[in-house]
Structure formats: C-alpha cells, structure tokens
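Consider the single chain below, provided in structure tokens and representing the form predicted on its own.
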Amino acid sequence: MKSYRFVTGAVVGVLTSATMMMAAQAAEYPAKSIELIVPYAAGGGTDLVARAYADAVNRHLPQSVGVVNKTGGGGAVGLSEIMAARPDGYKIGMGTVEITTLPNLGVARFTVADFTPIARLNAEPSAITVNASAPWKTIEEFLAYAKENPGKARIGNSGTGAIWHLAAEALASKTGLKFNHVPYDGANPAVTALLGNHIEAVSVSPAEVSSHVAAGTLRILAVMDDQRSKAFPDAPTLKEKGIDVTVATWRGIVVPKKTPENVVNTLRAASKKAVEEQGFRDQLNKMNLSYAYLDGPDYKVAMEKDAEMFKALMKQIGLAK
C-alpha cells in the first residue's frame, strides 16, 4: 500500500511539473521558430497564400514562421498532422475547406472540433463558367437548357467529392436539375476540357478561369457567393437570381484544440496585423485570389456552418461514408 501511494504521488508530481512547464512556455510564446504546415504541394494556391502570410506575419512576431508542405490524401495527411500536433503553438497549419468535407468521405478522423481557428485569410467562391462560344449568355439560359435536357449538361469539377464537385451538386439540389458531373484531376484539367468544348461548364473558382475570361475564351455566368466578385463585377450571384446557394473554398490559420488561450490570442493579434499589410493583399491580388479575413471566432462559425451543410449534402448525394 505504501508503495502504491509513493508511485501515485510521483506521477502527480511529474504531471504537475509538466503542466507548470507548459504554462511557463506558453507565457513566453513564441520562444522559438514556428512551423506552418501546408497540406498541399508547393506552388499551389494554398501554398502561395501560406507563404504570403508567413512573409507578413514574420514582421509581427519575435520568432520566424516557416512553411512546411505535408501532402497526401487530398489534404488529409497534412490536416491530420496539424490536429495531432502538440498544442503549444509551435506547429500551426493552413486549414482549408477540406476540414469540413474529408471526414464525410471516410478518409479522415478529424472534425472541425479538433481545431481552434486563428484567422481566415482567403476564400474563393464557385462559379459557373462556360465557353465563350456557347449559346448561353446568362445563368438563366444555361439552367433552362439543363432543365430541358436532364443529365446532358456536363459540368467539370476538380474530382469526385472535392469542393467544386460539391458546389455543382449543391446547385443541382437547390434547383432540382440533373447535371452530368465530370471529375478531373484538379481544376486546370477541367478548364482545359471546357476550352476544348468537351464539357458544357465548370464549377471552379473565378481565379481559376480568370486568364481565359480576360482573353475572351470563357464566360462566367454566375458566382456562388453573397456578393459579386470584385474582379468580375458583371457576373451576378446565384442569390440575385433567387437561388440560395453559397459555396466556396477557403484557407486560413488553425491550431490544434487545447492550445493555450494566450498562444491563440498572440497568433490572432499577429495575424490581424499581417493581413492588414498592403503587401499581403497585393500578393493575393497578383494571384487573382480574394482577401477574406475573419478573426478566429467568426472563422469558427463559418467552419461549423460549412461542416453542417456539406454533411447533409454529401449524405443526400450518397458520398458520405
């Protein structure tokens, strides 16, 4: 019995010491460099946003933030690493909309609740885009064609279960129309297919078709956002047309749950200063990406809303596992 009491006391002492050490480390945060995990390959949109953020936030923290790419599983590998990281603020990550979709596909064990949002940096809505030579000049004309020809209108997306596939499915669900959803290995191949008139439309973001729209080879009919795109102000929102569908991909900074409050607040404050820099916004503009900052609490609300919406949608279309 005495031995039992001794071991128990020792364990409590060790745990208390560890807790005190973590509290002390949190109090002086950051005392060393910070790793920013990007769940996608270098050179992609998420990676470029992360690097623009790191450049800006490094001017507002006493220690450097460095980008590390951890790819695989459509984002599941990197996001899982962020979730499982020690909650001390030294391994943070780029949280993307896939936090709300991958769990429904059965390829990830995390949920929105496993992350503490710091700041949303960017968001890109889905847009219905057609070839400039197509007969449809408005979204109403395109939807009328789809109604008259069920399953004939082919909409290219970035892969089954990916965000742009879900965007087109959301449009189909809301309008009661039937489209032929054609998956490609990313947005660029889908756009290439549209340029070749192999499909009738794509549901990718305006940023991913911007150069072709500027060249006059593609036409955006509508965007799935609450407001019109600043880059393409002539394209109406679906909401303007009486279709209540808002679907977007987004990117922002997240940390593991249970990260100490003062660490979270330090990152929130530094992130706010970083995104207010004109240089950060200029970097997004160069990439045709939208500035869409939300502070942590508002970012959390947006993430939870998307999680509920995608769970219901993916169950409805038979993708939920």
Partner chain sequence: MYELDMLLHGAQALFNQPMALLLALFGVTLGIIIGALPGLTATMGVAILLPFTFGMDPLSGLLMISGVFFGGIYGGSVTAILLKIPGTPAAAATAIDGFELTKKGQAGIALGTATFSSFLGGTASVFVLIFLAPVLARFALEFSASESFALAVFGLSIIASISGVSVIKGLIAGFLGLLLATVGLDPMAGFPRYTGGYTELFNVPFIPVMIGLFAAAEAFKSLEDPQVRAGMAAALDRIIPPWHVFRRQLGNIARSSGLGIVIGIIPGAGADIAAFVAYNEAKRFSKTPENYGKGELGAVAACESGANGCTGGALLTMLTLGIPGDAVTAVMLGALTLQGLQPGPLLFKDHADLVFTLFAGMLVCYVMMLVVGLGSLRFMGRILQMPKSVLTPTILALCIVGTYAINNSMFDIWIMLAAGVAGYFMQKWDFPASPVVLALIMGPMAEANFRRALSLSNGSYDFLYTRPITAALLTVAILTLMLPLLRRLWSSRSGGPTVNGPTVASSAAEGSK
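Residue numbers count along the first chain shown, from 1. Quantities reported herein were computed from a predicted structural model and do not represent experimental measurements.
Beyond what is shown, the protein has a form predicted in complex with the partner chain; the following relates to that form.
**Q** Taking 4.5 angstroms as the cut-off for heavy atoms, does H181 touch the partner chain in the predicted bound form?
**A** Yes - in the predicted bound form, heavy atoms of H181 and the partner chain come within 4.5 Å of each other.
**Q** So, in the predicted bound form, is R51 in contact with the partner chain at a 4.5 angstroms heavy atom limit?
**A** Close contact exists here: in the predicted bound form, R51 approaches the partner chain to within 4.5 Å, heavy atoms only.
**Q** Please check if K70 has a heavy atom lying within 4.5 Å of any heavy atom of the partner chain in the predicted bound form.
**A** Within the cut-off, so yes.
**Q** Answer for V77 alone: is it within 4.5 Å of the partner chain in the predicted bound form, judged on heavy atom distances?
**A** Taking the distances in the predicted bound form, the answer for V77 is yes, it comes within 4.5 Å of the partner chain.
**Q** Have a look at Q227, T138, T160, S133 for me and say which one sits with a heavy atom within 4.5 Å of the partner chain in the predicted bound form.
**A** That would be T160.
**Q** Between the options K32, K286, R59, K257, which residue brings a heavy atom to within 4.5 Å of the partner chain in the predicted bound form?
**A** None of the other options qualify; the answer is K286.
**Q** Go through 264-272, 278-286, 292-300, 249-257 and give me the stretch that gets within 4.5 Å of the partner chain in the predicted bound form, heavy atoms only.
**A** Going through the listed ranges, the match is 278-286.
**Q** Out of 178-213, which residues reach within 4.5 Å of the partner chain in the predicted bound form, heavy atoms considered?
**A** N180, H181, V182, P183, Y184, D185, N188, T192, L195, G196, H198, I199, S210, S211, H212, in sequence order.
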